[in-house]
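Heads up, the chain below is alone and in the form predicted on its own; it's given as structure tokens.
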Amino acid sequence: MRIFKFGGASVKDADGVKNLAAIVRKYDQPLVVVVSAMGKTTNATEAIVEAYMQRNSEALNKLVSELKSYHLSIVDQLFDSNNGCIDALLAKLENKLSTEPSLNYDFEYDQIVPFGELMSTSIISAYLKFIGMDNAWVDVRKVLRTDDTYRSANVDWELTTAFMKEQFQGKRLFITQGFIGSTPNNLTTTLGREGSDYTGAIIAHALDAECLAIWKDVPGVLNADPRWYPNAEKIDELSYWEAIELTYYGAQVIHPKTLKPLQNKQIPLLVNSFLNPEEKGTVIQSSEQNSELQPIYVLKRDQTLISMSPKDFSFIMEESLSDIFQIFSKHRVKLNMMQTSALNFSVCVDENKRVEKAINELQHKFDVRYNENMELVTIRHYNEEAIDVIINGKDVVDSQVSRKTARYVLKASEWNFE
């Protein structure tokens, strides 16, 4: 068994769906194909959630109409005649949006946003059957079981493994969704933004798969995001250890939770290009090649740098740190970088609605200062030249350098690598 995962960019239009079919057709062994929502559908459904929660019916109707038109246009291009493969899902979505929302934003998010994955996989499964490729469409919510931590659900591994082993057999080809699961009460949950990679790893782990292959619009894992750093180069091989480090620092090519289930069973992760499927991508597995890696750059935009000091000028001790971590944990604010001194503790975090609430609570116990519109750059396997490339002409607000990693908090500004 192999597990393939295709992201939204790979199936953003009818040609993308046809390309997926051409790639899958080349493989004779059993496959589970995990697919994300098409194109920017997740952004679109998130906007629908906002309008729904604000009871803005005019905006809601417009957004739903655009979502329907986008998907039905792809359906029309794929099939010779009218195909109703997503009619029932669209009806369920409209029925949901006709009801009053609860007061739990995260719950409502998880009941609405997953329609993107359900529609994309329904279209793809129907198209594969249309061109003679037999497959089974699997509602992953029936087999991927989680707790009720909405928008960041935790997997029930025992139940999930048992259900998946029973479900994924008897066919050569299965089509299912990434990103979503369900509680024991059959309420839909999500695994966190960009969680489809993680879904692929969960299925690979449960089925003892030969490998997990993620198909992307890049030739493999690069040493930087080419949309930001034009001189990015492909890395042929990475160890699990190095890849986990990179995801921790914010590298977007792999979801942070993806690697652990694979490493536990020594299942290789392949990162391939759906644009050039014949070319060799990057393999992530047990490896000792990391000592010779080129510098790897990770940029995180939209950061807030928060600095906290005790109001009575006492030292930042374990008790103070415990209070700080508890507040950040309570508001589910992820710390991207930490820096401590005798009287000061600083963190760099993603800008979002939860950060303001955390800052308000921190101000009860600490003097808090913060800078918004920051950028955090991490350089793995740095050298002086690599550091100069990043900080030249930049306003450095904070830095942290260790044996293999250099990190810089910079005021956001235009990048120029000439």
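Residue positions are given as counts along the sequence shown, with the first one as 1. Note that the structure is predicted; figures quoted are calculated from it, not measured.
This next part talks about the form predicted in complex with a small molecule, which is not shown.
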{"property": "Segment assignment from 261-269, 203-211, 331-339, 186-194: heavy atom within 4.5 Å of the small molecule in the predicted complex", "result": "186-194"}
{"property": "Listed residue (Phe115, Phe168, Phe179, Tyr127) with a non-hydrogen atom within 4.5 angstroms of the small molecule in the predicted complex", "result": "Phe179"}
{"property": "Touches the small molecule in the predicted complex: Ser36 (any heavy atom, 4.5 Å)", "result": "yes"}
{"property": "Partner contact for Thr42 in the predicted complex: the small molecule, 4.5 angstroms, heavy atom", "result": "yes"}
